[in-house]
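The chain that follows stands alone, in the form predicted on its own, written as structure tokens.
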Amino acid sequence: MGRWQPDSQGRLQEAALALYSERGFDQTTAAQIAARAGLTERTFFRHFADKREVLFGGSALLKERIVAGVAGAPAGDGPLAAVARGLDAAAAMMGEFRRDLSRQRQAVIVANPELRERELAKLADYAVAVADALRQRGVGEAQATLAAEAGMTVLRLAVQRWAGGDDDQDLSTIMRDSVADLRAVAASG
């Protein structure tokens, strides 16, 4: 395999996304991903449990950041404002990644029902954690659940818009605009 090069996890992610785009998710193996990245299959499995985790590997950290943003919101913030703080934290983390890789990731997920289902399951998991954080702030069950579910819908739509590259706004701006859209819908009755 040659001399060690830094960022093996990032190289594996880039190689996987390229192969998923070229060959399709189902036709790509962990061994092929590792070979494309110039690494061993063993190194692949040190970073990822399976080839799906290349797409979802950062989800635990993302959930943690969102929940921390909600929990750290000022005491006077209502449920939606607290969720917006969590979404700001998500945008800060996700905005660090390259938009082109996010675009490739979205395309792979959209093309595979199994991956779409997994993506929705991750968002549902985030919503449960956010609702719990809101309840710990004293928000009632119904409002906590509604705000958390709406917030995760905002997250999904904003990331799709950002990754789609239809405009040149950064993820934070798109996220805030999406929260404003949600507020407008709620206010319109």
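Only a predicted model underlies this, so the values are computations on that prediction, with no experimental measurement involved. When you see a residue number, it is the position in the sequence shown, counting from 1.
Only in words, not in the display: the form predicted together with a further copy of the same chain, which the text now covers.
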Within 4.5 angstroms, counting heavy atoms, which one of the listed stretches 40-48, 138-146, 65-73, 27-35 is next to a further copy of the same chain in the model of the complex? 138-146
If we test each of 154, 163, 133, 55 for a heavy atom within 4.5 Å of a further copy of the same chain in the model of the complex, the one that passes is 154
Given that a further copy of the same chain is not shown alongside this chain, does residue 13 nevertheless sit within 4.5 Å of it in the model of the complex, heavy atom to heavy atom? no
Within a 4.5 Å heavy atom cut-off, is residue 80 in contact with a further copy of the same chain in the model of the complex? yes
Within a 4.5 Å heavy atom cut-off, is residue 118 in contact with a further copy of the same chain in the model of the complex? yes
Non-hydrogen atom contact residue 129 with a further copy of the same chain in the model of the complex at 4.5 angstroms: no
